[in-house]
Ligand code: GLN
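Next up: just one chain, as structure tokens, the form predicted alone.
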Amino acid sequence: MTDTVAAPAADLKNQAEFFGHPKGLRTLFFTEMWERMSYYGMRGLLVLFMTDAMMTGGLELTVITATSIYALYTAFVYFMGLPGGWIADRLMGSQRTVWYGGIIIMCGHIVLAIPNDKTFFIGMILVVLGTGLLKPNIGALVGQLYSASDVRRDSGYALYYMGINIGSVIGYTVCGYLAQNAGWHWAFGAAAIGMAFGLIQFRLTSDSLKGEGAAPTQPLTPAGARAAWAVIVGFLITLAVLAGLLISRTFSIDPVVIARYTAVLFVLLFFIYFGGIFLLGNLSAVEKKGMWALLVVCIASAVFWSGFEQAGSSMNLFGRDYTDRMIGTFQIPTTWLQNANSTFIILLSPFFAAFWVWLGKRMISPAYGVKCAVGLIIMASGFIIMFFAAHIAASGMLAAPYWLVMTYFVHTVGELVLSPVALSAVSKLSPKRFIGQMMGVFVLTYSIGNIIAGIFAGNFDPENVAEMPGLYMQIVKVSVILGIILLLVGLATKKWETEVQSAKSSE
């Protein structure tokens, strides 16, 4: 019999208890799975609910109004991750921020489940605020489970990403079925229950995190913390007052105009912040080259998501109004068609991971800009499929579901080419002392892409189906042209990327 020796506390991170990974990954895997179930389950319903007739429980908004509200919602979900990460780092720690964020999300879904159109937007605001607290910090906690030299980190994130997609499948399936067969608000209620499951298991198993993220990494002084909380409380009071005035119809806003101004604001913020680091960050010549190469990646990301995120707006409406969803006597819920993306990610991710390894062994390593441009062009080619599907709809017939499924397949391939590569580019091309801030700047590309996607989707006029093929072809032309330009620029920046990585490896 061999004596066992207790592992030192410093080695706890290396203990394998969940598919060869730290036990804490199981806590984060299932918390994120249930949170994504609630998020995607609700997100898949938004445009459908807002454009549905009042007699069947919807808000009966126009397509352009509904897609503009959807654009603002999805854009701010990502944007609020910036203050959410700051609150965790400076005030609360990741664990408490995730916990309270989940509670706020659950409350938002509960409000959405109330059959009252006046409280609908309050529910959306709560989900935005809660997601901004939870989403960035649960992802950061995954990384904190591993030491800097732990080779399992990348596969741990791959497993975590699997949980995200399993959750989205559950959300689209459950909430989509309930929306069609029980009513919209039953579906929103199911999203609240999903988030509750995530909170319960997080609380019961949080000990497995071994204290990671329990305290702020860069806490403010007591005076600084009081000032920060005063600003946060002031912001929330202002938001509550504005919401109350809108509900009471004291004044009104035009979501279409707000969405357009917000898109301009986000683009300006991106270039101001990016330019500020470039010009005022005291960067070396090599670091500036890395920033130029990273700019190509950021532009590709923004354009990519502006096309990809048609899934929740224009393509969702196409699935509801112009797709034959009958199988015998059963009608496929509209949101089930969006399951294709998550399913393809789960099936294809291992093959893409092996493909990049295969390329690496053959010393083939395209520039980050080239990879992202290729992902953008692949995504754009998916809309060629929608161009033909839209022609079927314009002829007065319903398109078969496989048109949307094929489009989602091509879009998923584009996502798997661009998304992980872009995140890797931020970590490797950013100046070391600005990596955290550059990740925040990069998140702005998601917000920009989402809000542009919603604005563009507002051009789809349900009363003028003949315009639809041209609109999809417009996405193809713009995305392909920009993709080719970025591809050529990416070829030129390959040398700069090599210089940056060589400089970092020698430090």
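Remember, it's a predicted structure, so these values are computed and weren't measured experimentally. All residue numbers are counted from 1 along the displayed sequence.
Separately, the form predicted together with ligand GLN exists; it is not shown, and the next lines address it.
None of the heavy atoms of S479 is located within 4.5 Å of ligand GLN in the predicted bound form. Shown alone here, E287 lies farther than 4.5 Å from ligand GLN in the predicted bound form, counting heavy atoms only. In the predicted bound form, W34 stays away from ligand GLN, with no heavy atom inside 4.5 Å.
Interface residue remark: K371 is not counted as part of the site for ligand GLN in the predicted bound form, having no heavy atom within 4.5 Å. A heavy atom within 4.5 Å of ligand GLN in the predicted bound form is found for one listed residue only; from Y146, Y78, F274, F120, this is Y78. Y161 is the sole member of F409, F387, Y161, W184 with a non-hydrogen atom within 4.5 Å of ligand GLN in the predicted bound form. Checking 444 to 452, 48 to 56, 63 to 71, 470 to 478 against ligand GLN in the predicted bound form, the stretch whose residues place heavy atoms within 4.5 Å of it is 444 to 452.
With contact defined as any non-hydrogen atom lying within 4.5 angstroms of ligand GLN in the predicted bound form, the contacting residues in 285 to 310 are W305, E309, given in sequence order.
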